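As C-alpha cells, one chain now follows by itself in the form predicted on its own.
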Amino acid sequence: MKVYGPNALRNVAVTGHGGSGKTSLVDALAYVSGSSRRHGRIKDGSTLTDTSPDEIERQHSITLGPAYAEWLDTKINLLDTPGYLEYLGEAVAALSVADAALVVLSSTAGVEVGTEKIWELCDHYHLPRMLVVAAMDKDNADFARVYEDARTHLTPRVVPVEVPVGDGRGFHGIVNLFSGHCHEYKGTRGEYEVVPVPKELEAQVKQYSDQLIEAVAATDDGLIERYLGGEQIPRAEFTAAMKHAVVTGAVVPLFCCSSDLTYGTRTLLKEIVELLPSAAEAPLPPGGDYDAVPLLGRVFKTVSEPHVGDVTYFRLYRGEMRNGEEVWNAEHGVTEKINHLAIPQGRDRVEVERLMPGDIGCVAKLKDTHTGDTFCRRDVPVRLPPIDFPEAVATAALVTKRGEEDKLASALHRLHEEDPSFHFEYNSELGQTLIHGMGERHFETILGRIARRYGVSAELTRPRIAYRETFRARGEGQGKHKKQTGGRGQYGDCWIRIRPLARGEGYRFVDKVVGGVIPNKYIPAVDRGIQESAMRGVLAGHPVVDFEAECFDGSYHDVDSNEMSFKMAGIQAFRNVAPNCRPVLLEPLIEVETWAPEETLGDVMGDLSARRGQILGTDREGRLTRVRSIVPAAELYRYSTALHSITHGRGTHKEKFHGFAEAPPEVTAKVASDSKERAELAHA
C-alpha cells in the first residue's frame, strides 16, 4: 500500500438521505479508481461498505462504512454514512473527522428530510460541500428539478458544473462546464469519449456556464474585473479560484452521475481531488492549540467483529503512527500498543507499516479505548472535545428469558460501544431494562444484533412509568409495634401527623416529642420507618413525595424497646395515617419540542392533544414549524413512529423532563388496577 502524505489525502463524508445512492456511489468510486476489484450492487448485497446481515437484508446502510479510492496520486478516504435519522449518530461520527462532505441527492426525490438534517450538521462542522445527483439513469430522473430543489431548500449558492445528456434510461453523457466538453460514456469503469455538445443542450450549457463563472469570479475582485472585461480565465487559475470558493462555502458545485453504470465517476474523483481541501489544508478540531502536539488522533468508531474483537477506527491529525509502537490514551490514562495497523476498505483491512498525519486507520484488540477517545504521546497529553452525538428521542423496555439477564446486559454494553447514540440502563424502581435511542427502527436493529451475535432473545415492551403519590389533606394517628416471643420482646409506639407540602419540596421530618416519651436515640428510627413505608405508596405502590411527617407522641419500654421496634412503629404509623390524607397519583410530564412541515401542523397538534398534551405555542424555524407542548410521559410511547408517519418522515422531536402533575381519576384507577394485577402475579 502506497504511503500518502497529508497533501495527498482527502477525507470525505458521503452523506444524504437514506436511499439516495450513497453506498452505491462509494462502491463505484472505489471500483472505477481500481482500489476495489469488484463493482457491487445493493440488490445483490455485494457493495463495498454495506456488509452486515442487517444492511444486506434491509438494503440500506445502518453503520458508518469506511473505504478509499486512489486517483491522481491522491488517496480519497470515503466515509459512507446511513441516511435515515434513526442512525444519525453514525453520520455525526463521520462528519466529526471529515474535512469535507459529498452530499448525495436522489435524482427523483431531490432534497429530503435526511438531506436537510445532514446539511445542518455540515454547517455545524463548517465543512465544505459538493453535491451530486445520483442515479441519473433512474426512471423519472430530473436534474433541473433537483437543482432548483437544492437552491430552494439547501442554499442559493448551489451551482451546476455538469449538465446531463438525457435522463432516466436515456442518460448516456455529461457536459462538463469546466472544460466545455461533452463526455459520452462507454465501458464499465466510467470511460468516455469526447463528443460535440448536443445542439438541444447548448442554451442550457451556456446558461449554467455563465452562472458558474459569475459565481466563482464574484469571490475574487480581480477575477470579476477580468471576467467583466471579457478576458478568458485560464482553467488552472479558474480551478484554484473555484477551490477557494468551495472551501469557503461561497460556491457549492453540483455534479451528476450513475453509480450502477459508473457514468460521471471519473470526473467526480478528479473534482474531489481538485476542489476539496487536503488533510494538510483542513483546520484542526476546535477547542485547543495543537501546533506543538507531536501526535493527535481521534477514535470515531468501534466495531465488534467475530473472532477478532473490537476494531477501533481513528483519524490521525498530527504526527505519524507506526505499527508496533505505543500511544497514550488521554481519556483513560492508559498506554495502548498498536499492532496490525491497517487501512480500512469496507470489511477488509490492508495492513500498513505506518500512517501519515491526516489519514484514517484502524487497529484491533485495544485494551481500554472507546469511541471519542484521543490518541497522543504520554509526555504531551491532550484531549480533543467529545463527539456531539445526538440525544435519544425514544425509550422502550426490553424483556428476556429468565436467566439471560447478564448476557443481555453484556450484549447491550458491547452495542453501546459501537453506537454511542444508543444507551441502556436497569431501572430498579420500575424493575425494567430500558433502552434509549433514535426510534423504533433503531431498536429493531439493536434486537437483531443481540439475537444474531450474542444468542439472546429479547423483546420490546412498553416501559413502565415512574409515577409518584402525594397527599391533599392532613391526618394523624398511631403506629404501635409490640411483639413478645418468650424472651426479650419488641416494643415501639409513636404518634405522627402528616401534612402535604408544595410540589417539589420533597420530604420533611419534624421531631415534636417532649417529655422523653420516646428517647431521642429512637426518633431517627421512626423517621427511617416512615421513609421506607412511603416508598410503597397508598394508591398504586409508587413513592410518596412532598409531605411532612411530624412525630409528636409515643411510649417505650425500658427492656423491649430498640431501634428496629421504633422503625416498625414508624412503618405502621404511616400505613395507618396515609389513607386518610386524601392520597393522589402524580404523573410525570415531558416537555416536547416537535418540528414539522407547515402542511402537517394540524395533524401533529391534533396528535399531541389526543395524547393529553398541552400546546404551549408554535414558532417558525426555517422550513419547519416548532411546536412546544407538555405531554404526560405515559402517552409518549412510540411517539417517534407516529410523528414519522404523520409528517412522512420529515418531523423530528426532542424530550425533556418537566415535572409532576396530578393524574386524572381515570388514569389513577388504571394505574392502581395494573399495580394490583402485577402484585398478584408476583405472588402467584
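Heads up: residue numbers just count along the shown sequence, starting at 1. All values reported here derive from a predicted model rather than from experimental measurement.
Quick note: we don't show the form predicted together with a small molecule, though the next part is all about it.
Can you check 574 to 582, 380 to 388, 545 to 553, 75 to 83 and let me know which stretch has heavy atoms within 4.5 Å of the small molecule in the predicted bound form? The contacting stretch is 75 to 83.
Only one of Leu398, Ala135, Val103, Ala534 comes within 4.5 Å of the small molecule in the predicted bound form by heavy atoms, so just point that one out. The option sitting close enough to the partner is Ala135.
Identify, from the list Ile630, Ile646, Ala633, Ile42, the residue with a heavy atom within 4.5 Å of the small molecule in the predicted bound form. Spelling it out, the residue with a heavy atom inside the cut-off is Ile42.
With a cut-off of 4.5 Å between heavy atoms, is Asp310 one of the residues that contacts the small molecule in the predicted bound form? Asp310 lies outside the contact set for the small molecule.
Partner proximity in the predicted bound form: Ser258 to the small molecule, non-hydrogen atom cutoff 4.5 Å: Flag for Ser258 set to yes.
Is His60 close to the small molecule in the predicted bound form, meaning a heavy atom pair under 4.5 Å apart or at it? His60: contacts the small molecule in the predicted bound form.
Verify the contact flag for Asn11: yes if a non-hydrogen atom of it lies within 4.5 Å of a non-hydrogen atom of the small molecule in the predicted bound form, no if not. So Asn11 does not count as contacting the small molecule.
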